[in-house]
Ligand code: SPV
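Single chain ahead, by itself, as structure tokens, in the form predicted alone.
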């Protein structure tokens, strides 16, 4: 160890914490910690070795620091972010790119030298008078081909506590990598606080250095900006995967239970608040993960793991009817962090859509709240934020899949792409093949914006593979990586699109919350060739008889022919407009787009126009 690093560590760490750090014989990690100490100048440093004692220390520090408050139910706490720190800050999340490096106009970046200088200036002295927390985690199951070791440095006990719930312990994993420099690094400071929340939001920055595998985050507490191993690590992993020949995707992983005890594993990519977690949590199915997956080719098949071991989920509309498993976990004793919900005077959390009567007063992210309270612009303050969250371990859920931590992962039988779409796509459709699935279902994905990101809601936005905010490659290369990934695989996963948000002429949703169960179970039957399908210009859709049977058996509902026609009508003008819209994006903003993308667009356009000439603009599935 270099003398200067050793001296910095010995001066700041007490004997026990120094021992824990030096037990990990990794010079690069030691230097990272020492440099962070010199930069941020903390009062003290705590190193977490994943022992029960150390994990309890972090939980207690979150309460003592007032970053979390205890609730009435044992193990439950609540965290509040500031009024203007309630979502991912897309504008100030940027890649640090060296001169001559280009990720394309679609990805947010800044000059590495200038950006590093800026973010380090905000981090300088940011931990004076505070305790620095050094934690180790593992992305993916430990001791597997999927494992990535990580070190998180933060001055926020809430961030550290959240990661202890969301990720697998990594102290022992770090021992296993010895002196390898191949690990991810995260440095976060919440910055100056006011009423226990980040004050200088105008200086909020989340900067990602792909070359160094490091993420800097400052002047923010919101999980999407600070929990380094989540979407910030996904950006690092996508880049790493591209170099090494695997995929890191914004996907859930679930076990879909078919006839005769059969389990088929699905992955699914959905933008925030589009049904991703609720799909992975469907009744009767099992969950491996709700957010991020690593996929590798192993033994002639595609296998995947959940990168995480917990859920940082949107809590709005979670209720006992629509989300019974999650609701049960959220209303019973266990280690859970609620974020930005309303807390009543008796210590109970209340959130939008939970199915309970709205309290008239309590505490929320704005401070003391009462019905009718307005902000400084005269806008009424919601009791619970639209993007309020919960954090829970998957192992706490009754539907946790038995292979959550299997080192080899699970085989992928199908992949689903879904977003918010009020007027174009049918509820479920199978792609003709892998290539058309990746391009027409994944690379054409659009979705209407929600409260999960800053900015205006309800705007239709392009969101390639539901990964637009996190791709750390030129988009053309990212598409090509996905296309190439099936090479050498005898039976690639089936690819489907789903759309839970189709609206009728009256503006109301055509689907109930549980209808998605039917779409997923139909897709599982298709994977095994148990049901036939109807060919459309853009893919394969269910036959009426099969859906009617599933609705009756699974939901005890009558699915009428009128329902079927309204939902599965092929809306040719809308589909053509979608192709034109997305094609224009690729032509103008993605100069490295593979030619096959445009070929697929043209093929679908020709099929749609042929069908239009024969059957009209709006085609009943019974006419196909």
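Residue numbers count along the first chain shown, from 1. Remember, it's a predicted structure, so these values are computed and weren't measured experimentally.
What follows is about the form predicted together with this ligand, which we do not show.
Novice: Choose from 223-231, 130-138, 528-536, 432-440 the stretch whose residues reach within 4.5 Å of this ligand in the predicted complex, heavy atoms counted.
Specialist: Contact criterion met by 223-231 only.
Novice: From the list 161, 188, 385, 250, which entry has a heavy atom within 4.5 Å of this ligand in the predicted complex?
Specialist: The residue in contact is 250.
Novice: Of these, 312, 485, 500, 462, which has a heavy atom no more than 4.5 Å from this ligand in the predicted complex?
Specialist: None of the others qualify; the residue that does is 312.
Novice: In the predicted complex, is there a heavy atom of this ligand that lies within 4.5 Å of any heavy atom of residue 391, even though the partner is absent here?
Specialist: Answer no; every heavy atom of residue 391 is more than 4.5 Å from this ligand in the predicted complex.
Novice: Residue 272 near this ligand in the predicted complex, any heavy atom under 4.5 Å?
Specialist: Yes.
Novice: According to a 4.5 angstroms non-hydrogen atom cut-off, is residue 88 in contact with this ligand in the predicted complex?
Specialist: Result yes; residue 88 sits at the interface with this ligand in the predicted complex.
Novice: May I ask you to check whether residue 81 falls inside a 4.5 Å heavy atom distance of this ligand in the predicted complex?
Specialist: Residue 81: no, not in contact with this ligand in the predicted complex.
Novice: Would you mind checking 126-148 for residues with a heavy atom within 4.5 Å of this ligand in the predicted complex?
Specialist: The stretch does not touch the partner at all.
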